[in-house]
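First, one chain by itself: the form predicted alone, in structure tokens.
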Amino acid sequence: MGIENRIFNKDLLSKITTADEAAKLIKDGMIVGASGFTPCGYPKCVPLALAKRIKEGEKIRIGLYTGASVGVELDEALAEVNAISKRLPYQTGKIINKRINDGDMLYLDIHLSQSAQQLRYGFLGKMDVCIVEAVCIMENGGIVPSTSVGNTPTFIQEADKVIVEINTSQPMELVGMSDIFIPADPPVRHPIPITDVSQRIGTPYMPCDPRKIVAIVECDITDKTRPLGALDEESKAMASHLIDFLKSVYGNKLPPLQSGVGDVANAVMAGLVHSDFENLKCWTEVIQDSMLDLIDIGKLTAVSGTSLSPSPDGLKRFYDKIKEYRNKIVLRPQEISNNAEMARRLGVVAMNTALEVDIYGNSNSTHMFGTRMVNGIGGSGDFSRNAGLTVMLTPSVAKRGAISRVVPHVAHYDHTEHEIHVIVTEQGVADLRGLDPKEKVPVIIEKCAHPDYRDMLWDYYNRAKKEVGGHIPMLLDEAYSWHVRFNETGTMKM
């Protein structure tokens, strides 16, 4: 089906143009919003055309706002030519990450559920242009998103101009999978009228005034989703420990599940395939391969998220069976999928990953050695602060055992002991519910730390308790020495 057959408002046919011409609408200093949440549903042709202009000598730097991380044609292409002055609210990619840590790019790390509202409030400046990947444009100007929703409905609402990329590689069967609802802002906000994962309350398209659409570009570049790692023994052990724990807490009936992005999160969900749990539901951000597996065997009856995020093979499987999957999947704006009200109402089990945890139950999921940004907090904080049960997963060690991921104090605090109920490593499960910080110490050390580091952790804690005491004993002069333990020869410095 050609692009003309995907534009049902025939007055907009005159807006069809090339990516090069559309890219000329983006000027130096603009704030540009783009669709996309993980490498799904993001614009491709126009960002590549913009990067080409800059390579040819034009000086353009923009603020780039998205739903979360996006694909290489957007983030990496623009980062390569140093075209991004400020990025938010989440990112991945080697080039863009280096730009941030080298100081070439400002990065605002925001809870994903809050970013749309902050834009509407004016906290983030005025959005000039929004670039949207779409399946089609409805007669009323409404734009049907492709494989993600993210922040795009609010971007369309707030931007002065809208550029639409109609991606003909995205099947028309995606029409009807999204449920678009933008809540009113306080003080006139009403409760979100959802009490079940599969419930729909909005429209299948993102409302848009047709007069805002200044360019429509045909694109056929596919989503560049990321391969998932093989299910290693470490991940399988974490999944097994957690599933056994969930059985002990909930019996055979689980609340809706939330699972973060990546290999560990996918492994945990994959562990449910061979479990005794039935009639599962997910209220989450992203739909990964293991959720498709659970749908295939009839264990997952409904999943609500804001984006697909499967592997390349998983995305092909989704397209091959799209008519079946779309009956079980609802894609919503991220301020709904990650909403605190919904996480609390449904009592979700939130399962996210950490770079490191400490003996008092705090977690760091964003900063290496406390200073270098990895990706960002993403949506984990949205769920961890509001879930019925909050679980943090991490291997007990990194660098083949050279570094403990269980430390005396995390080098950066983004998920605190106030909200984390459970920590899981391949060693076991630390159930922290109802425990004072000092009561958590033996549970975390003995259940989650690697045996090679338990004596060192006990030594630190006992000295800290004796020398300084307090509610959370901390030896400031050595609290962070665990993060810098190797000299040039690789020997430990303790």
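This one's a predicted model, so the numbers in the text were calculated from it and none came from an experiment. Heads up: residue numbers just count along the shown sequence, starting at 1.
Although not depicted, the form predicted in complex with a further copy of the same chain is the subject of the following passage.
The three residues 367, 417 and 436 all sit with a heavy atom within 4.5 Å of a further copy of the same chain in the predicted complex. With the partner omitted from this view, the residue of 178, 309, 113, 304 that lies near a further copy of the same chain in the predicted complex is 113 [heavy atom within 4.5 Å].
Between a further copy of the same chain and the residues 247, 226, 316, 345, the one pair within 4.5 Å by heavy atoms in the predicted complex involves 345. In the predicted complex, a further copy of the same chain sits beyond 4.5 Å of every heavy atom of residue 25. Interface membership of residue 21, defined by any non-hydrogen atom within 4.5 Å of a further copy of the same chain in the predicted complex, is ruled out. For the chain shown alone, residue 241 is not a contact residue for a further copy of the same chain in the predicted complex, no non-hydrogen atom being within 4.5 angstroms. In the predicted complex, a further copy of the same chain lies farther than 4.5 Å from every heavy atom of residue 71. The partner is not drawn, yet in the predicted complex one stretch among 396-404, 260-268, 98-106, 170-178 has residues with heavy atoms inside 4.5 Å of a further copy of the same chain: 98-106.
Using a 4.5 Å cut-off on any heavy atom, the residues of 302-341 that reach a further copy of the same chain in the predicted complex are, in sequence order, 335, 339, 340, 341.
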